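Just the one chain here, the form predicted alone, laid out as structure tokens.
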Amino acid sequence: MIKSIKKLQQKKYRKEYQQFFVEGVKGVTDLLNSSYEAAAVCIESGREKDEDIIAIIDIAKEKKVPVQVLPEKDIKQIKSTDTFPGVMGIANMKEKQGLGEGHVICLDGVMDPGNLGTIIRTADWFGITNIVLSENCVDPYNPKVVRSTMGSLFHVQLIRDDLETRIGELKEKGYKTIGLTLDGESLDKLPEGLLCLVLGSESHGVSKEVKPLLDASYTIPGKGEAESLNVAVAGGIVMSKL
């Protein structure tokens, strides 16, 4: 079991086993209360009497999820951070999900795990639950991504797909597609109706393949000397207007 959990730090094994892990009380609690299937909960020996971890054990037992208490030597092999938060959940990946109602965030080549995690968390804050990832985005089940979502990963619908195809389908359903570029019109008032917001990669922005599909391009006005905004920050500003 320890060897298989340790392997989940690598993308190829996450794909092979169709599993990933989440660390921390909030993340594991959100997993257990979500539509994801939890395969197991691992607790560091000596922490099983902590009040917040007792609550996790109770939920796991109610949902018939196996609970393993592991010694420190085993925890050292599977943890992804220097300081282990006492509990880890192993989740089974969902089969390909469908999009729900509402606005859609399309991520075009976002490669930084922290940025992706922050975008997912921000979308969750604003009640946007549909997120489409291009094929060249970072793996959403990367431990750094999962950790930075602070449990929001379990509140959204994630789909990895060809953006050109997916945006085309959304347009047929009446969505207007907008994107952030450095040469767009000043971001003031967004179009009415259902929107698909495209956020491009950290280094290249919206790709040349996707850019022609935009119905409107916007730039967030600024007054300082910075060359550009961080993609997660920029996305958050637009999401607040949605």
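It should be emphasised that the depicted structure is a prediction, and the values quoted were computed from it without experimental measurement. Numbers for residues come from their place in the sequence shown, where the first is 1.
Same protein, other form: the form predicted in complex with another copy of the chain, not shown, and the subject of what follows.
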Exercise. Could you tell me if K171 has a non-hydrogen atom within 4.5 Å of another copy of the chain in the model of the complex?
Worked result: no
Problem set entry | Any non-hydrogen atom of G127 within 4.5 angstroms of another copy of the chain in the model of the complex | yes
Exercise. Is A232 close enough to another copy of the chain in the model of the complex to count, meaning some heavy atom within 4.5 Å?
Worked result: yes
For this session: Decide whether S152 counts as a contact residue for another copy of the chain in the model of the complex under a heavy atom distance cut-off of 4.5 Å.
Result: yes
For this session: Quick one: from R147, R166, R121, R160, grab the residue that has a heavy atom within 4.5 Å of another copy of the chain in the model of the complex.
Result: R121
Seminar exercise, completed: Near another copy of the chain in the model of the complex, with a heavy atom at 4.5 Å or closer, the residues from 25 to 41 are K26
